[in-house]
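Shown below, as structure tokens, is a lone chain in the form predicted alone; questions about how it binds or moves come after it.
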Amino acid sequence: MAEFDIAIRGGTVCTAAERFRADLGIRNGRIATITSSVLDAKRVIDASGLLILPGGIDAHVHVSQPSGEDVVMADDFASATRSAAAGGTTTIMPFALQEKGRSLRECVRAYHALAEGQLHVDTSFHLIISDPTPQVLGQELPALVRDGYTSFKVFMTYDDLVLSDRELIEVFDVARRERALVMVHAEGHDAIHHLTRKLEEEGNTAPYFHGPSRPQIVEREATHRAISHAELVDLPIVIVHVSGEQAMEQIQWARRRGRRVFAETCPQYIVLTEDDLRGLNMDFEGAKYVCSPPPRDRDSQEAIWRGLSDGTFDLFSSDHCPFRYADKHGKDRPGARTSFRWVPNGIPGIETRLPILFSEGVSKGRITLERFVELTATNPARLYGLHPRKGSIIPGADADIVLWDPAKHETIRQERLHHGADYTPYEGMAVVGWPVLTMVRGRIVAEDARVSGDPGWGVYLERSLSTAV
């Protein structure tokens, strides 16, 4: 009988700390050994010339999430996790959203039902708190944290999600007591409403004006306010999808004062700009790029790259939030052509996250390979209670492995992607570096851009408390 189920031979292992030549022996879905030579295995995978990376963890995705009247997300769990597998991501973390007036526990149960039997890769849920009633704060949220839902998100904007300052502080206080990690969408709600009204009164309603309705100042102010509320109750927080230098400065300021503030950014802020929202001629084509916060300018891109390099950012997630473009239940919903404010916010990106960061970062010398692994796999696992099972290549960890060809040239095309959206905002982008094999717990789920098997292999992951709290 063979000692190992699988041997991966001849590749270069890369972790968040180092890179080295080694073979991997996999047994019962876990990494059993890392050594100079693995000989006795049922199956041998030749990784010569390839990088052996821990599977990506996309810690911020939206899948099958309620999105407003007559609006439907383009991805269910089957298509989202299929797309993740093809892009080298082995764990995704979407959000069980509490709709106002509903029990948080009921919403979580309903979300599990949508995911059941539909997963190509492993999955764990964050929560979204939109209605912090005494029942939710006193009973449901503490019980769910103890059940392994150890992180949740709050919003400082959107009519159906925004929490008042008092509600934010009350939710933060519960999180501190239960040692949960809070993710914050930091944009100032009232300022956005004021700017939107002014733009519409002036006739500036094309998708491009989504950006001017949410300038950096509203992100900067909300980031400062969220940090201040967190300091009031002594709570670590994560500021998600940071888009530019002004919010970064608030995070750096807080850290200099000893505050535990973590930061996340996304592909749209390193390769898209506000000019993409102009469309062909200030037309509706710009709706393809409407997301919040919006892409900024070239200076903001350079600031984000500095933050990715110098440690300001802990996480690089996709904020995958897919809607179909040519669809009355998507970007082209009723009223969307009358004003940017009716265009559903969000863009697809779960499959292209890793290739974009590798190509623009590692291949161009902006970040190291080790930093790439840290941002996309190891830090998400540590921050969100999945380490050491996920995010690292160490004996005993799940055999979530990606074989990566660092020299492979590809062009991102919608026709080759596996998500449910009908477009990609990165159409035609040339990249260097591509995943050629994705393995989840010792099973190959994608190889050479083909996703293998039916959904059902992926499992739901209960999580421990964050190492940050």
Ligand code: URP
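Numbering starts at 1 and follows the sequence shown. Since the structure is predicted, the reported quantities are computational estimates derived from the model, not experimental observations.
Missing here is the form predicted together with this ligand; even so, the following discussion is about that form.
Proximity of F155, H185 and N345 to this ligand in the predicted complex is complete: all three residues have a non-hydrogen atom within 4.5 angstroms. Screening S339, S103, Q301, S292 for any heavy atom within 4.5 Å of this ligand in the predicted complex leaves a single hit, S292. Taking H418, R441, H62, R27 one by one, only a single residue has any non-hydrogen atom within 4.5 Å of this ligand in the predicted complex, and it is H62. For H126, no non-hydrogen atom is located within 4.5 Å of this ligand in the predicted complex, even though that partner is not displayed. This ligand in the predicted complex comes within 4.5 Å of no heavy atom belonging to D398. Contact between H241 and this ligand in the predicted complex is found at the 4.5 Å heavy atom cutoff. Within 4.5 Å of any heavy atom of this ligand in the predicted complex lies no heavy atom of L168.
Here the chain stands alone, but in the predicted complex its contact with this ligand, taken as any heavy atom within 4.5 Å, falls in 316 to 324 among 131 to 139, 316 to 324, 190 to 198, 168 to 176. Annotation for 444 to 463: no interface residues with this ligand in the predicted complex [heavy atom within 4.5 Å].
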